[in-house]
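Just one chain is shown here, as structure tokens, and it is the form predicted on its own.
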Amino acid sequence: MHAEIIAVGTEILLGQIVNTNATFVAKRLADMGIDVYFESVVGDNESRLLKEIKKADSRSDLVILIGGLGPTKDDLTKQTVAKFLGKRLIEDSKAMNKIVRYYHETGKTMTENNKLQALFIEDSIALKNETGFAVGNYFKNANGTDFLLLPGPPSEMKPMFVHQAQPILQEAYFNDHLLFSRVLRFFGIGESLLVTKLEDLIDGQTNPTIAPYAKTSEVTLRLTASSKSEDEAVNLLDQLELEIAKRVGEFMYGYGDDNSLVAVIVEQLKKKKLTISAAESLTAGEFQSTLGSISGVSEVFLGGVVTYSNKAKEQLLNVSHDTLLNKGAVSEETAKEMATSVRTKLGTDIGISFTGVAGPTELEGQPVGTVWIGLSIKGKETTAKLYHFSSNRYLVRERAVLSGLDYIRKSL
């Protein structure tokens, strides 16, 4: 099933608003097993919109148009689609009654153009607008491409898609089976290497399918299984996940679209009843801020220090003057002393430290992106890892924080 999304609105082309609608719909379609092959944006112009519709009709099974269903002269979507299909526009009586009632109750003057919002394409299904007035349309074309028309305001589009359109699409295309998805999250491996290690599984995929997505500093895999029962789908997903874990399991840290590495770490610390403290140099408190973004982190996070200068490292963390003089601030020895000291001073089970070169220039002869992360766990020998990140100052710090979280995950 191949779908195409057309966002209609000159304001999108002018950069006045961000096209978040396409992202929302594309993700929902992916969850259903419908692949979006093309996305485009066209202004409020009938001739250009008609050209885009003709192009989409020639290459897609389902065309979704978002925007242009309102009452103004530049709202031309359903008129243009109706013209392309050779269909009339007819009135949805329930939608019209809602519009009339609103103007009557508010005492406002209802202009003639407001009636346009209650019109829908002949032989299509009118989709109720729960939060606005413009009805949506779903046109099932027995001889060609299907069309789904949705309003532009996200507050109207999202509930219409979820409550009205999605069940119709499910019944129209997948009434004989169900789709179940599982998202696996990975850190410490790039998309290209992950795909290479899973190349035969991806090339030979049938059911379940595998879809990799590269995100900031991490990669996700969406596994989607089609079956007649949930138990069967879960079994298919479990088998595929097991094979993936054999190859790249060391990099997998969690599940779900909305999960995060820091949330996983905080949850692990809570379950194990472990406390943590942090000593930061180049990250300047970013690690502690990241921990603090998780609700309930106070159960496990007791505090930390930011020691940007060598003087602060000596005074607040008792890092040896000789270590700083002979080994440097950006060194394994300094990272270890920082981690051990912060753990001891705050009486936590875990102490983690960050020291390195965020940029823009090198430090102590060390190139930008050089980072040492120290980890001190009560009852264990303190360790430190060397990382080399190649990017700008902001991303070096971000990568350092995420790598520190992953260091903790693997150590636990």
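Owing to the predicted nature of the structure, the values given are computational and were not obtained by experimental measurement. The term rigid core refers to the maximal set of C-alpha atoms that superpose within 1.5 Å between the two forms. All residue numbers refer to positions in the sequence shown, first residue = 1.
This protein has a second form, the form predicted in complex with a further copy of the same chain, left out of what is shown; the following refers to that one.
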Residue among 239, 315, 97, 229 with a heavy atom within 4.5 Å of a further copy of the same chain in the predicted complex:
315
Just one of 183, 297, 201, 195 has a heavy atom within 4.5 Å of a further copy of the same chain in the predicted complex. Which one?
297
With a 4.5 Å heavy atom cut-off to a further copy of the same chain in the predicted complex, the contacting stretch among 284 to 292, 163 to 171, 68 to 76, 265 to 273 is 284 to 292
Consider residue 42 of the chain shown here, and say whether it contacts a further copy of the same chain in the predicted complex, taking contact as heavy atoms within 4.5 Å.
yes
How about residue 208 - does it come within 4.5 Å of a further copy of the same chain in the predicted complex, if we only consider non-hydrogen atoms?
no
Contact label in the predicted complex: residue 152 to a further copy of the same chain, heavy atom within 4.5 Å
no
State yes or no: in the predicted complex, is some non-hydrogen atom of residue 12 no more than 4.5 angstroms from a non-hydrogen atom of a further copy of the same chain?
yes
Only counting heavy atoms and a 4.5 Å limit, does any residue of 27 to 56 reach a further copy of the same chain in the predicted complex, and if so which ones?
27, 30, 36, 37, 38, 39, 40, 41, 42, 43, 48, 52, 55
Taking the rigid core as reference, does residue 222 move its C-alpha 2 Å or further between the shown form and the other one?
no
Superposing on the rigid core, is the CA of residue 155 displaced by 2 Å or more between the shown form and the other one?
yes
Once the core is aligned, please say if the CA of residue 60 is shifted by at least 2 angstroms between the shown form and the other one.
yes
Do residue 35 and residue 244 move together or apart in the predicted complex, judged by C-alpha distance changing 3 Å or more?
farther
Any idea whether residue 202 and residue 58 get closer or farther by CA distance in the predicted complex, knowing it moves 3 angstroms or more?
farther
